[in-house]
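Two separate entries follow, structure 1 and structure 2, each one form of the same protein chain as C-alpha cells.
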Structure 1
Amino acid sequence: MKIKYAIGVDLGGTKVKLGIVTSEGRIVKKISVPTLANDGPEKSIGQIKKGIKSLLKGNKKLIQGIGIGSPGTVALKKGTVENPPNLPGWGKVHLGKIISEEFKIKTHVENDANAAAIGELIYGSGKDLTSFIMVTLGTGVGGGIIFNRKLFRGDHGGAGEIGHITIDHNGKECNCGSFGCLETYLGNNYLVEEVRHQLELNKDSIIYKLLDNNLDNLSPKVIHDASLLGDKFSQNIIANLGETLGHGLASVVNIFDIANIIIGGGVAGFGRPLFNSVKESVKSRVLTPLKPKIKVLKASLKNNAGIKGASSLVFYD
C-alpha cells in the first residue's frame, strides 16, 4: 500500500507544534514555533504559516492535506474557529480557508482535544476501546468524547469541553467568560500560581532547592521532579489536582455512561500518582453501578497526540 503523508498542526496557547505524518501514524519530521497568542490572531496565524512553510520545503508534492487541531468551537465544514479561550482576540476566524488559500492544499480543522481523541482512537490507547472520554491537560483543559468509535461533536461542534464544566458557581473567572470552570483550577498557569502562593507556607519544600530559591522558573516539571524526590508538598499538590479533575470527570461519566478515561497533555507527566488520584476521585462521585468499571489510562501518543490526531483528519476525512 502506498504511504500517504499529511501535515498535522497542534495549535496551543503557548506553542504551535507541527509535523509531517504518514497514514500509519509515523512522524517523519516535527517542529514547533511560539504561538505569540497575546499578539492577536494575525500573528498566531502567521506562526502557523511559518511552520507549514518550513515543513513543505522539498515535500509539497508528497502532502495530501493539512489537519489543524485548534482550541475553541470549530465548525467542521467551514473550518472556522470560534472564541478559543486561550487565544485572545480571535472571535470567529476562518482558519481553514486562510490556510488552504495560502498553500493551495485541502485543509481540515477540528477542536484540538477532539483531534487528540481521534489520534488516540486510531493510533494510541483507545485502539481497543469502543468508547472513552479524553482529557488533555496543558495551558488549558480540553476534552473529547469517543462514542461507538466515533467522535461525538454535538449540534455545533462544541461537545466535550470538559475544562468548562462549572465546579464552583462562585469561583474564579475563566478565560471563556464563565466562573468556576474546571480549567481555572487545573490549567498550567493556575497550577503554577497556586503552588507559588502555597509555597509561602511551605518553606521546607524541595522545590526551593531545585530552583535555587528563584520561583520565577517554577513549572509543572519542577513540581513533578520534587514529588519524585519525596517532597510531601508536591505530592499533595498532585493528589489534589487529580481529585479536582476526578470530581469534574465524574459528571461526564454519569451523563454519558462511559467508564474509560484517557488523560494526555503535559501535566499527565505527573504519572501514576495523578492517575490513581483521578480514578479514586471519579469512583467516589459516579453512580454506584459504574464504580467498579472506571478505568483511567495514560494517552500513549503523549505530546504527539495533537499532531497525529490533526493529521488523521486528512486520512480519515
Structure 2
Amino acid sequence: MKIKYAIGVDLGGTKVKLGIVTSEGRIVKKISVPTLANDGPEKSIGQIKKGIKSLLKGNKKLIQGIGIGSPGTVALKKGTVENPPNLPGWGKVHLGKIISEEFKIKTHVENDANAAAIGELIYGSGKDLTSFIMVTLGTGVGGGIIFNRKLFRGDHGGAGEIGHITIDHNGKECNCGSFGCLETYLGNNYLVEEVRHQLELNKDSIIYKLLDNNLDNLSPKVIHDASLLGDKFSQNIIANLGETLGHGLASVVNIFDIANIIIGGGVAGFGRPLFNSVKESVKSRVLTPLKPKIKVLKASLKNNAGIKGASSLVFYD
C-alpha cells in the first residue's frame, strides 16, 4: 500500500509548528516559524504560508491535504476562524479558503482541541473506539467529543468545552465569567497556586528540597517528581486532582452516554495514579448502567500532538 502524507499546521499564539505526517501518524519532517501575532492576521497568515511552502518544496505531489488546528471557533465551510484567543485582531478569517487557494491543495481547519480529539480517533488511543470523551489538561482544560466515529461539533463548532462545566455553582470565579468551572480547579495555574497554598501547611514535603525552598519554580512536573520520590503530600495532590476531574467527567458521561475517556496534556504525565483516581471517581458517580463500562485511557499523541492532530483532519474527512 502506498504511504499517504498530509501537512499538519499547529497554529499557536507564539509559534506555528508544521509537519509532514503519514496516515499512520508518523512525523517525517517538521519545522516551526514564529506566528508574529502582534503584527496582525496578514502577517501571521504570511508566516503560515511560508511554513507550508517550505514543507511542500519537492514534496507537493505526495501531499494529500493540509490540516490546520487553530484556537477559537471554526466554521467548516470556508475554514473560517473566529476570534481566536491569543491572536489579536483576527475577528473572522477564512483561513481554509485562503490556504487552499494559495496552494491548490484541499485544506481542513478545525479548533485545536477538536483536532486533538480527531488525532486520537485517527492515530491514537481512540483508533478502536466508537465514541469517547477527550480531555486535555494544560493551562486550560480543553475537550472534544467523538460520537460514532465523528466529532460532535454542536451548532456552532464549539461543543466539548469540558473545562467550562460547573462542578460547584458557588465556587471560584473562572476566567470565562462563570463560577466553579472544572478549569478553575484543574488548569495549570490554578493547580500550582492551590498547591503553593497547601504547602504552607506541609513543610515536610519533598517539594521544598526539590525547589531549594523557592516555590516560584513550582510546576506540575515538580509535583510529579516529588510523588515518584514517595512524597505523600504530592501523591495526595494527584489523587485529589483525579477525583475532582472525575466529578466533572461523570456529568459529561451521564449526559452524553459515552463511557470512554481519553486524557491528554501535560498533567496527564502524572500517569497511572492520576488515571486510577479518575476512573474510581467517575465510576463512583455515574448512573448505575454506565459504571461497568467506564474506561479511562491516556492520550497517545504526546509530543507534537498539535501537528499530528491537525494532520489527522486530512485523513478523517
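Since the model is a prediction, treat every value here as computed from it, not as a measurement. Numbering for residues begins at 1 and runs along the sequence of structure 1. Take the two forms, find the largest set of C-alpha atoms that superpose within 1.5 Å, and that set is the rigid core.
In this pair, the copy labelled structure 1 belongs to the form predicted on its own. Both residue 266 and residue 173 fall in a single rigid part of the chain as it moves between structures 1 and 2. Rigid-body analysis of C-alpha superpositions between structures 1 and 2 gives a rotation of the smaller part of 25 degrees. Superposed on the core, the two forms differ at residue 69, whose C-alpha moves 2.9 Å between structures 1 and 2.
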